[in-house]
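Below you will find one chain, with nothing else, as structure tokens; this is the form predicted on its own, and questions on how it binds or moves follow later.
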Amino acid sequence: MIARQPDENPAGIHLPLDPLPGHTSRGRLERVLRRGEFAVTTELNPPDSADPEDVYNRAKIFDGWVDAINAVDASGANCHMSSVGICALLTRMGYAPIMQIACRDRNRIAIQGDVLGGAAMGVANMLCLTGDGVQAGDQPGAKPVFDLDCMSLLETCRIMRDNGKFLSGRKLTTPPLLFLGAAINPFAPPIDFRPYRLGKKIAAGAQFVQSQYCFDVPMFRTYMQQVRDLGFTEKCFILCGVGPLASAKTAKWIRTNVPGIHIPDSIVKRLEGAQDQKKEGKQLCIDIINEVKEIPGVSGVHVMAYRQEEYVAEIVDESGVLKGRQPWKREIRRDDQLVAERLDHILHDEITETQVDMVKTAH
């Protein structure tokens, strides 16, 4: 029997956890990492929809398999449901979101407001990104902002949390309690500079980082050796980005058209030689997880399965990366059914009394 994590507020799943010494947030992800457990995070593909069920249905498939879910902020400069909106829905149901904030679309005034709003809703984790340029998306005529970048955004969030102030110096009534994250890419040139860039992000406030897709484990192993030598693994939790490839054709397209993703020829050849390329892509992801989890200083994996989200549970399960631990899982409760039945009654049953009749009866 797999033991349940005791990381849930008994007063309500939507409420934050009690504060712990040495923790800057009241969220589950920070607890998992500081306990030394191997963390698993993933991404929720944001819908082009205003229906909350589209978010909940996408989140359900991760139940019991991940410690936190990234709420993507218009990645690739393509518009979808907002990160802050997704976080509002996820926190309501007890999930632990990582709210991505991209600097491309908002200035520092709007960003600081979103930080406070997210924290007020129960968001404990924020991932600070510069963001892709608008030319990468489907609305290249949009006006980019880039008032801040990932470094200054990290500093902004850290100042709000630790100093209780806006950038203007005005005091906050209640500072946001946040676990701050950033993205890293060990595979993009200049390669030798990448460990030092991580150091800059840590100095700015990063407490955890998620890497770009790793398809070259030897290159990532070298990066981690340099990071350890610099002492950064003692200051920051590093999650390696992994994900399944649907086919060799997909792999070729990604490395040609998506900047920053490095896919070696050996990976393409492995997929080309497989009878079932999609199945082989899933196995490749599992094999990479099993390699990187043994690298000293790696604190977890970030599983990105774009349009293959149904594979996340299988990948995590078959990799054995959780070692018998089960992350938080939303349990169906009796009051959920009662609320659903009451709503159904209100929406579909015939109302026999008009408001006027009800008023008359009351008098």
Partner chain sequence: MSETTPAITQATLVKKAAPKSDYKPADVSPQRRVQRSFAVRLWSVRHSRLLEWFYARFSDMFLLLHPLWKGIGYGRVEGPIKFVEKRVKGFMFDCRMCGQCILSSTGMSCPMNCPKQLRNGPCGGVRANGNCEVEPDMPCVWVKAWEGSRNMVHGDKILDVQKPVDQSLRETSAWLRVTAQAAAAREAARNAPNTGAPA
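Numbering follows the first chain given and starts at 1. Model, not experiment: these values are computed from the prediction.
Unshown form predicted together with its partner chain; subsequent notes refer to it.
S.K.: In the predicted bound form, does Cys79 come within 4.5 Å of its partner chain, counting heavy atoms only?
M.R.: Flag for Cys79 set to no.
S.K.: I'd like to know if Glu272 sits close to its partner chain in the predicted bound form, meaning any non-hydrogen atom pair within 4.5 angstroms.
M.R.: Judged by the heavy-atom cut-off of 4.5 Å, Glu272 is well away from its partner chain in the predicted bound form.
S.K.: Would you classify Gln277 as touching its partner chain in the predicted bound form, given a 4.5 Å non-hydrogen atom cut-off?
M.R.: No, Gln277 stays farther than 4.5 Å from its partner chain in the predicted bound form.
S.K.: Given that its partner chain is not shown alongside this chain, does Asp216 nevertheless sit within 4.5 Å of it in the predicted bound form, heavy atom to heavy atom?
M.R.: No, Asp216 is distant from the partner.
S.K.: Given the stretches 180-188, 114-122, 281-289, 234-242, which is the single one in contact with its partner chain in the predicted bound form, using a heavy atom cutoff of 4.5 Å?
M.R.: Of the stretches listed, the one contacting the partner is 180-188.
S.K.: For its partner chain, considered in the predicted bound form: do all three of Asp132, Glu155 and Lys200 come within 4.5 Å of it, counting heavy atoms only?
M.R.: Yes, because Asp132, Glu155 and Lys200 each have a heavy atom that approaches its partner chain to within 4.5 Å in the predicted bound form.
S.K.: Can you work out which of Arg106, Arg161, Arg194, Lys293 has a heavy atom no more than 4.5 Å from its partner chain in the predicted bound form?
M.R.: Exactly one listed residue reaches within 4.5 Å, namely Arg194.
S.K.: Heavy atom within 4.5 Å of its partner chain in the predicted bound form: which of Ala88, Ile263, Ala204, Ala248 fits that? Just give me the one.
M.R.: For this set of options, the contacting one is Ala204.
S.K.: Taking only heavy atoms into account, state which residues of 143-159 are within 4.5 Å of its partner chain in the predicted bound form, ordered by sequence.
M.R.: Counting only heavy atoms within 4.5 Å of its partner chain in the predicted bound form, the contacting residues of 143-159 are Phe146, Asp147, Leu148, Asp149, Met151, Ser152, Glu155.
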